[in-house]
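Quick setup: one chain, the form predicted on its own, written in structure tokens, and binding and motion questions come after.
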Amino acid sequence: MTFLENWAEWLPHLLQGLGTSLLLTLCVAGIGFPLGLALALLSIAPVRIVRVLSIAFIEVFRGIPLLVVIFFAYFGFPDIGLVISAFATIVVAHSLNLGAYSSEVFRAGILHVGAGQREAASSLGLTPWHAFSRVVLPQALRAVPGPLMSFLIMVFQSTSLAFAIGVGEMTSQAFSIGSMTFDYLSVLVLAGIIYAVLCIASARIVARFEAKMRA
């Protein structure tokens, strides 16, 4: 069989794994981005201890390699009586990582809104909470979609780490095929092409979206 015939045979299995990769990405985004926003708000809270704890959390999870977090959750949690599935482990570990990194984007977006906007809201009689929720936060959120979408592409790429604990995403499927055929090179090239096509296309969409937002 030629390599094209092999690719045609392997493609359905890789696409099945791709579905798992995309599902992981969506689950992580659904948890990680709200967590990032919450951490951003806590990092600028008026209470010092809250700021210190939130910034410490952010720095810790930005500093620890994601694979270490995955192993800690998967192999360490059972030692304290907490057993979760491999899929849930990946979602939790990635969400903590994404929350830590995206918090800086949200924080920058919030701080980007000038003091004049806050003063104008206050002069209209809005309470500090209403000024923040109705004036500051909406403007901040309009400034962050581009960077957050870039983070989402990186999350999709890093779902390949799920292979390390046996989640059947695309890299795991590629290695399974390689172990049966001993043709690791061809199947990994095919998986790499799929990753590259999706990520390059997504990056182009993000670039156009950011250009449109700036126009």
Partner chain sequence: MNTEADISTLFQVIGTGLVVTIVMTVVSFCVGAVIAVPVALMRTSRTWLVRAPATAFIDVVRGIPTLVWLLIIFYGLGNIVSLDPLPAALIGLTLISSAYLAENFRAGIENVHTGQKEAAAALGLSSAHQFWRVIAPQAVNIAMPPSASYAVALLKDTAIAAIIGVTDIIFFAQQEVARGAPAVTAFLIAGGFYLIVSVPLSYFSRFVDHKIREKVVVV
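Keep in mind it's a predicted model, so treat the numbers as computed, not measured. Residue numbers count along the first chain shown, from 1.
Below: the form predicted together with its partner chain, not depicted.
- Picking from 36-44, 142-150, 23-31, 55-63 the stretch near its partner chain in the predicted bound form, with a 4.5 Å limit on heavy atoms, gives 55-63.
- In the predicted bound form, its partner chain sits beyond 4.5 Å of every heavy atom of Gln173.
- Although the partner is absent from this view, Val50 stays clear of its partner chain in the predicted bound form, with no non-hydrogen atom inside 4.5 angstroms.
- Leu161 belongs to the set of residues with a heavy atom inside 4.5 Å of its partner chain in the predicted bound form.
- Taking the partner from the other structure, its partner chain in the predicted bound form has a heavy atom within 4.5 Å of a heavy atom of Tyr195.
- In the predicted bound form, not one residue of 13-50 has a heavy atom within 4.5 Å of its partner chain.
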